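Before any questions on binding or motion, here is one chain by itself as structure tokens, the form predicted alone.
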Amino acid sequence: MKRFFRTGIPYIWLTAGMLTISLLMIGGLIVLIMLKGLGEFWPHKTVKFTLQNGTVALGEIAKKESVPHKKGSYRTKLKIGNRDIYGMDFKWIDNADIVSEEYPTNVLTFERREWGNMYGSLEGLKQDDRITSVDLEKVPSLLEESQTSFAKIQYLEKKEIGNINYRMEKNRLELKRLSRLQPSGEVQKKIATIKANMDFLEQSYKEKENILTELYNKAKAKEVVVLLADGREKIMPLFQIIRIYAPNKMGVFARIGFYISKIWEFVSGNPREANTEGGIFPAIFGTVMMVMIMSIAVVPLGVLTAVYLREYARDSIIARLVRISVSNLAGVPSIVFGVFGLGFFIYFIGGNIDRLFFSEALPTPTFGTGGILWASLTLALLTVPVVVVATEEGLSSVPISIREGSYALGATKLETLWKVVLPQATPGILTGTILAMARAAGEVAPLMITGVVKLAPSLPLDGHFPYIHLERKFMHLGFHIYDVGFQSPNVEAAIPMVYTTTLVLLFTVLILNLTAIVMRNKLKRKYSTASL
């Protein structure tokens, strides 16, 4: 037995077994997230329960389980929707109380912009206080018309009226700045020009507001009448409905098409209903943009630090202390970096920037408040140790013979470092960048106090100069998961959103890392010492 252990075979099997267990755990976690998250987009059948007390329950079966402390008893969790009427999305039903279970084909699911889904049958279309019956086949054309009206309203609110508000605010700040200057003919002329421009913008705003009111009145003119399971009628504007479908009549191909459209809406749409429904595109955009800004900031800082420590600094006590400090920084809790970012970046640097360049906007801060720039720089400091250590390893892996060959050809130390050593160490630098990106993409604690918000009214990138607005707050996938899972007013309905957002975060990190890995491998092959 001792001879067998000395061969090392048991240790090989032990390490292989640990690797297998790790892979199974990671794979099982990903499969669980996919099943819990992606299954929400599939159109589930609508069931109609008739209970012993004569009441009727209508909705989607969300879960079936045994009743705690009651052997042999089971209950069903039914998603009944109609939150504006019943005050809840889900209802537990004891299976013993169910008299009949039906799947009627005339029952429709109404996906709304507010208050979640509604389940019932379409009674008719209400317009000008008259209710007329409507064929289900004509519903798509009616919805397309209402979607067009809603798109016009959104464009008018966000683009045209938004642009007017942006220009009015710029004029107001410029007028405030000019009013602080010494009065002169030129200053008075500029003030008069700005006031005339503001009057023109105010008139344009009123015109757009009147058009918006007309669009709203026109959109609200058409309403649908829905018959609920308990016999009540619900009347709601047609433009508040996103889609109407009959899940019990859908075939396989119709379900697949519906599934794909829902996934695309989730990835490319904006959130609604306190982030529990709709899409997560602003959070995806904010996460990717923050990681990119963080990478641009952390790579030069970490590489220059590692180059100095490895190539120029002597083996002194100070150099050793710096290395120890850098290593210890990797163990500092992330919330500490967040507090530092709040005090140094936001209050000190941002506050001074406001006083120097944006004094006319005070006391409303411009850079003296949380934003994507300060959040990115905070995470850059958080991930500096990773880049420093990886870069030092990359520099140490460059053979001394290559350096000596460069010196022998007459190159200086700077030329050797810039043209020989750094290209050879690039794979190690990119390895540190990959690790930094992976850690930064999942951090939440420091972001909560340096710029991330529950819902950002506008993206940090738009058509207004300077086009990239680093002072704006942003949304983040990690914070979105926390907010939906723990801060949502409707936690039960938000559970699928937690899983789907987690899956998107994993894929986002995977794509970012794969991109960096491909670049690293190409550079590694290009500067491989074997080819020299």
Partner chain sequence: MKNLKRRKFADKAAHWTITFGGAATVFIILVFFVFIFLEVYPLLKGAKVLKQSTHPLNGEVVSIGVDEQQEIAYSAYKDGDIEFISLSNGHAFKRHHITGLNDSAIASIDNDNNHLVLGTNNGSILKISIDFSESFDKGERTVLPEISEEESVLIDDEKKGIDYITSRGGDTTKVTVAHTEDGRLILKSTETRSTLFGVEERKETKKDITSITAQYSLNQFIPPNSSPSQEGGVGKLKPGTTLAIHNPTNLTEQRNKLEITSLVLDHCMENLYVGTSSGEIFHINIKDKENPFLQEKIKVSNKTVTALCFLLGDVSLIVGDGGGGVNVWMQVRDEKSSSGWFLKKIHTLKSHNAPVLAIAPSKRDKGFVTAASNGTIHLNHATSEQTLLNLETKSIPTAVTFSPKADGILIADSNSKLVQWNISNPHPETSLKTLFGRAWYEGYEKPEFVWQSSGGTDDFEPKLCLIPLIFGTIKGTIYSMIIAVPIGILAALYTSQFLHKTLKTIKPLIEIMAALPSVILGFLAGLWLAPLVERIFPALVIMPFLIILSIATAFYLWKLLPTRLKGRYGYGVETLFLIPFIVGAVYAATQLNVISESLLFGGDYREWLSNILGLKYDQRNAAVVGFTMGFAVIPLIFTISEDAMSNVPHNLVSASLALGATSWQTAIRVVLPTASPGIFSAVMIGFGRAVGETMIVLMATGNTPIMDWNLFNGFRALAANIAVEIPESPVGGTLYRVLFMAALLLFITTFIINTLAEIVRQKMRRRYSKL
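Predicted model, so just to flag it, every value in this text is computed and none were measured. C-alpha atoms forming the largest set that superposes within 1.5 Å between two forms make up the rigid core. Positions refer to the first chain, counted from 1.
Omitted from view is the form predicted in complex with the partner chain, to which the following refers.
Although the partner is absent from this view, residue 481 contacts the partner chain in the predicted complex, with a non-hydrogen atom inside 4.5 angstroms. Although the partner is absent here, residue 333 sits close enough that one of its heavy atoms falls within 4.5 Å of the partner chain in the predicted complex.
With a 4.5 Å cutoff on heavy atoms, residue 344 counts as touching the partner chain in the predicted complex. The closest non-hydrogen atom of residue 337 lies within 4.5 Å of the partner chain in the predicted complex. Contact with the partner chain in the predicted complex, judged by any heavy atom within 4.5 Å, is made by just one of 238, 108, 425, 384: 384. Among 92, 103, 200, 312, the residue placing a heavy atom within 4.5 Å of the partner chain in the predicted complex is 312. With the partner omitted here, the stretch from 54 to 62, 491 to 499, 41 to 49, 462 to 470 that lies within 4.5 Å of the partner chain by heavy atoms in the predicted complex is 491 to 499. Once you line up the core between the shown form and the other one, the Cα of residue 26 ends up 2 Å or more from where it was. After superposing the rigid core, the C-alpha of residue 311 moves by 2 Å or more between the shown form and the other one.
Core-superposed comparison between the shown form and the other one: the C-alpha position of residue 207 differs by less than 2 Å.
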